[in-house]
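What follows is a single chain, given as structure tokens, in the form predicted alone.
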């Protein structure tokens, strides 16, 4: 599968591991619940670690661990819930997180520009054929009226 990272279409080198699955080798992401339950085991894992957050999760729950995480996935259950925009902003501005912040799930293509403004630098659309459209939406506006993360 491919995705957009830093305005480039690249191959996805991460695998999401469900809460009941064995830890796979390589770069893996897990749910916040799994991270909290198996943190010591995950820190000893041979590969990079990411955590997937939903809207109801708190960024504060991983704030102390951000130096150990190379990926934060923001999983949009539907396009009407904007709490993950705040999560991205908090990660970049309050916690100075420099790793990858990836939007996954059911965000809308016309939200991509705004997600990039609050710190999301990677987008994993549900359908691979949407990649060029998502990429084009990063350039929806050339003028910015307010400062933000980018």
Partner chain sequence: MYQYNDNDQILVDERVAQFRRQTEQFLKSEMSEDQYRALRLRNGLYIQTHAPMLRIAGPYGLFNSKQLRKIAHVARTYDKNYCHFTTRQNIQFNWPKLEEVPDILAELASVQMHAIQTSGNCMRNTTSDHLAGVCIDEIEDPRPYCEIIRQWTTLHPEFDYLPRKFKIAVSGALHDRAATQFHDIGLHLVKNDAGEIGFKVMVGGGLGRTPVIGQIIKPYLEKKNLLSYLEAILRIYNLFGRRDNKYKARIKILVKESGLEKFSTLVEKEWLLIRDNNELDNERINGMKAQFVAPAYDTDAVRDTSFSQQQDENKAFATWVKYNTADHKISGYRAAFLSLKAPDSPPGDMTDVQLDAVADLADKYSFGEIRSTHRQNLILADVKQADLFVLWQQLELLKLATPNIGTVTDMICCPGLDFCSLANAGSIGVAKEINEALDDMDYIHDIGDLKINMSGCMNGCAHQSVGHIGILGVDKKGTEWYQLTLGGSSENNAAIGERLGPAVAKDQVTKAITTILEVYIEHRLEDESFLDMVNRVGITPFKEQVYAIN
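Positions refer to the first chain, counted from 1. Note that this is a predicted model, so its numbers are computed, not measured.
Form predicted in complex with its partner chain: not shown, discussed below.
Asks: Does the 4.5 Å heavy atom contact test between residue 83 and its partner chain in the model of the complex come out positive?
Replies: Judged by the heavy-atom cut-off of 4.5 Å, residue 83 is in contact with its partner chain in the model of the complex.
Asks: Answer for residue 118 alone: is it within 4.5 Å of its partner chain in the model of the complex, judged on heavy atom distances?
Replies: Heavy-atom contact with its partner chain at 4.5 Å: present for residue 118.
Asks: I'd like to check something about residue 12: if you look in the model of the complex, is any of its heavy atoms closer than or equal to 4.5 Å to a heavy atom of its partner chain?
Replies: Although its partner chain is absent here, residue 12 would stay clear of it in the model of the complex, with no heavy atoms inside 4.5 Å.
Asks: Check residue 148 for me: does it contact its partner chain in the model of the complex (non-hydrogen atoms, 4.5 angstroms)?
Replies: Judged by the heavy-atom cut-off of 4.5 Å, residue 148 is in contact with its partner chain in the model of the complex.
Asks: Heavy atoms within 4.5 Å of its partner chain in the model of the complex: which of the stretches 22-30, 102-110, 44-52, 61-69 has them?
Replies: Selected range: 102-110.
Asks: From first to last in sequence, which residues of 113-142 have any non-hydrogen atom within 4.5 angstroms of its partner chain in the model of the complex?
Replies: Going through 113-142 in order - heavy atoms within 4.5 Å of its partner chain in the model of the complex - the hits are 114, 117, 118, 137, 140, 141, 142.
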